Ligand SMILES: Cc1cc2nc3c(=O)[nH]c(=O)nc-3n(C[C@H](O)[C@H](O)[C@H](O)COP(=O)(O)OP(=O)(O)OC[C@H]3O[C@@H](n4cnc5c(N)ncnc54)[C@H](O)[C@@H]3O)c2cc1C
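One chain follows as C-alpha cells, the form predicted alone.
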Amino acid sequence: MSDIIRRDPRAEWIARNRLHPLHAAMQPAQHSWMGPNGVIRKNPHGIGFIGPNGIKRIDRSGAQQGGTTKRSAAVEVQLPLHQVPAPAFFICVVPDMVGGRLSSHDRDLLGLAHQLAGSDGAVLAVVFGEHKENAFSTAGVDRLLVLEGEEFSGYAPEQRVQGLRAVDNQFNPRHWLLPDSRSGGGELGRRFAAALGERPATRVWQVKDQECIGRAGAGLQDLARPVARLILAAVECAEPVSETRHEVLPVELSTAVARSLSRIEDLGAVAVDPAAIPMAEAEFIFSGGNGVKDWDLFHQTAAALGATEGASRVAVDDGFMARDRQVGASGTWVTARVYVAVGISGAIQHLQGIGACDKVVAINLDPGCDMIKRADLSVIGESAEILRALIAAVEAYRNDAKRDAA
C-alpha cells in the first residue's frame, strides 16, 4: 500500500462551507483557548479531556454525534466527594451572587480559594440574603453561611461589613477572597479591609509561590506582593472547580450581628433606558442577525424584555442596526449575564465577542449552526413566531404579577 498521504477535496470543501449540513462534523474540537486576561481556559466538555485529578470527563456537547441535529443525552458523572471533617483553617469567599446565582467570576474565585485551602483547609462561602443557587457543591464550597435578614437586603454595605466582621471573629479565616467587580464585591472588599485595618491585594489575577500578582498602571503592568489576608481577585484569577464534589455543610454564627445605623438610604433601583447602556456594560442583551426578517417585531420584543439591543456584523452591514450595536471581535466584546441571539449563525468573530457571557440563548432555524452548539438553551423555529410567543408570555407574567400585588 502506498504511504502517500491522500487529500480529500470533498471533505476540505465541506470544512470550508459553513452552510453544509456536515460542516460541524469536519471541525476539530477546541479543547483550550486563550482568555481575555491571558489565562489558558480548558473545555471540560471536550472529547477525551483528562482533568488535573486524572478524571475522564464525558462529552455533553453533542460533538460525539458529529454535529447532528439532536444533542445526546447527558451522561451523569459521579464526581469524587471532597470532605474536610475537621478543617485546620478556613478560606472565606464572599461571592457577588448577582441575581441570586454564582457568576463565572464567583466560580473563578472559588477555584482560587480551593487552591489556597489545599487538603487541610475548607472553603467557607458567605452569602447575603436568599439565593437561587443549587450548584454550590460542584463550585467548590465546603461550608455555607447564609446571613439572612432585611438589614442585608438592597444596598447595605455598612451592615454587610458588620456581618463579615462577625464571621471573622468566629472563624478567623486565613484568607478573605472577594471579587474585584463593579457588582458590589470591589466596594465591599475595600470597606471591609478598612474596618479590619488590612491592606488588601487588589485586581489580583494570579496567586503563585506565596505571591499575589495584580494589575497596576491602568492594567499595563503587574504588581507582585506577598499573599495578603484579604484578596480582591479579578476575572480568571484561577480555574473553576470542576473535578470534585463538595459537602456544602451549613454553618451559623454563634452570636447575632450588630446592627449599624446606616448613613445610606437605599431608594431602590432606578429605571434606566436599555438603549442608553453601553454594550460592554449591559447585563441582558437581545441580539439580532441575518435570520431576523421582521425588525419591528425584534425591537418590540427587546422593549418588552427590557434588554439592550445588539446585532451581528451582517445585520449592521445591511443597515438594520447602528455600528455601535455590533457584537463580536470586530465590534464590542460583551460580558452579559444573559445573551439572546436571534437568527445569528455564529461566526467565529461573534463567538469570540460573547465568550465571557454567562448564559447564551439561541433562536435559530438551523439546529446545526455554531451558535446552537455554543448556547446553553436553544429554540429551533421561525424567529417571528417565537418572538410573538415571547411577548405574549412576558405580558401574561406581568399581568399575573399585577393581580397578585392587588
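All residue numbers refer to positions in the sequence shown, first residue = 1. Treat the numbers as computed from the prediction; the structure is a model and nothing was measured. Rigid core (definition): largest C-alpha set, two forms, superposition within 1.5 Å.
This protein has a second form, the form predicted in complex with this ligand, left out of what is shown; the following refers to that one.
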Would you check, heavy atoms only and a 4.5 Å threshold, whether Thr138 touches this ligand in the predicted bound form? no
Is there any non-hydrogen atom of Ser181 lying within 4.5 Å of this ligand in the predicted bound form? no
Heavy atom of Ile285 within 4.5 Å of this ligand in the predicted bound form: no
Indicate whether Gln162 is a 4.5 Å heavy atom neighbour of this ligand in the predicted bound form. no
Of the candidate stretches 123-131, 329-337, 236-244, 265-273, the one with residues having heavy atoms within 4.5 Å of this ligand in the predicted bound form is 329-337
Which one, Lys293, Arg225, Arg191, Lys208, lies within 4.5 Å of this ligand in the predicted bound form by heavy atoms? Lys293
In the predicted bound form, residues of 323-351 near this ligand [heavy atom within 4.5 Å]: Gln326, Val327, Gly328, Ala329, Ser330, Gly331, Gly343, Ile344, Ser345, Gly346, Ala347, Gln349, His350
Classify Phe320 as shifted (yes) or not shifted (no) between the shown form and the other one, where shifted means its C-alpha moves by 2 Å or more with the rigid core superposed. yes
Core-superposed comparison between the shown form and the other one, Ala311 Cα displacement 2 Å or beyond: yes
Since the Cα separation of Gly353 and Glu243 moves by 3 Å or more in the predicted bound form, tell me which way: closer or farther than here. closer
